[in-house]
Ligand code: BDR
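This document opens with one chain alone, in structure tokens, the form predicted on its own.
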Amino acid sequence: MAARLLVDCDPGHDDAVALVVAAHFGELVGITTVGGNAPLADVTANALLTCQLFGLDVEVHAGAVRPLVAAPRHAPEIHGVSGFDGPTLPDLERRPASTEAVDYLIETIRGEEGLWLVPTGPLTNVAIAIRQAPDLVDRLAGISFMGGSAGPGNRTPAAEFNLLVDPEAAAAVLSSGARIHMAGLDLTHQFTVDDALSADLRALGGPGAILLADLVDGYLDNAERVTGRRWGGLHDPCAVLAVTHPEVIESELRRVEVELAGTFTRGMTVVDLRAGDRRSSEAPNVHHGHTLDHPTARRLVLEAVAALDGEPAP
């Protein structure tokens, strides 16, 4: 039986791919949005456009505009000002079902036990929902999030973007007692975004696949300008695959804490890699994904895009 998924996202090219993978390999129950890669209005429009292009009959609920404590941060240097900069976008015909994502999450999770919550942006909506309704922790099958790293960050030397945007929310979620799976940069950088992926998407030929190929091209152009490398990670689908295809990802139950106060390390995920070491006194709280079967993950993404875009997979 396919897992039933709620995806909380801030599209971004990789969030769009994650939505397609979730809709094809799982049962996508609903989508909530959070300010992150771009402002809330933009990422909500991007989620709606993804649903429109791929024929996803699912509600989109807009959520938190800003983090719990810090000022908003966005990533225009990577995803563009709108999050979907680059392609010529079709007219948006859909509208959000509400602007009350937290209320939607609480009502939906209380209404159906065993849902998976898959956050691929900052964890603001999730933290607020758990704070308002702590019983959600016991009703969820788990939370599979994209964020953090057991190595270097990407927004700072220590911190990955999603956790740097709202580290207080991340700390609250990781300490909530929920079953948590983490797809951090040390995992997601094993899922390569490159010109070959763009070419394979474009070869599928459907309008959704072409849009994704254009988004990948724009992402690679920006990555090359910012980092000097025409390369990146396809981050967000990894959090979905951890639920729908757990055999693709090797993980280890470990202790993960979020740094809130460090001058140079705010937003860092401190992953205790001392497996079996008696000095590791804190109980493990996160299934830390550390190794990805890249060829299989890539095939699954192309299969999902092709299936929902009306073209056969290569």
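Note that residue numbering begins at 1 and tracks the sequence as displayed. Just so it is clear, the model here is predicted, and its values are computed rather than measured.
Keep in mind that the form predicted together with ligand BDR is missing from the display, and what follows is about it.
K.L.:
Find out whether any non-hydrogen atom of residue 236 is located within 4.5 angstroms of ligand BDR in the predicted complex, and reply yes or no.
P.N.:
Yes - in the predicted complex, heavy atoms of residue 236 and ligand BDR come within 4.5 Å of each other.
K.L.:
Applying a 4.5 Å heavy atom distance criterion, does residue 33 contact ligand BDR in the predicted complex?
P.N.:
Result no; residue 33 lies far from ligand BDR in the predicted complex.
K.L.:
Is residue 191 a contact residue for ligand BDR in the predicted complex, using a 4.5 Å heavy atom cut-off?
P.N.:
Heavy-atom contact with ligand BDR at 4.5 Å: absent for residue 191.
K.L.:
So in the predicted complex, does residue 126 come within 4.5 Å of ligand BDR, heavy atom to heavy atom?
P.N.:
No, no contact at 4.5 Å.
K.L.:
Would you point out which of 21 to 29, 288 to 296, 8 to 16, 301 to 309 contains residues with a non-hydrogen atom within 4.5 Å of ligand BDR in the predicted complex?
P.N.:
Looking at the other structure, the answer is 8 to 16.
K.L.:
Heavy atom within 4.5 Å of ligand BDR in the predicted complex: which of 185, 115, 223, 106?
P.N.:
That would be 185.
K.L.:
Which of 82, 154, 244, 149 has a heavy atom within 4.5 Å of ligand BDR in the predicted complex?
P.N.:
Selected option: 154.
K.L.:
Taking ligand BDR as it sits in the predicted complex, which residues of 22 to 43 have a non-hydrogen atom within 4.5 Å of it? Please list them.
P.N.:
Heavy-atom contacts to ligand BDR in the predicted complex: only 37.
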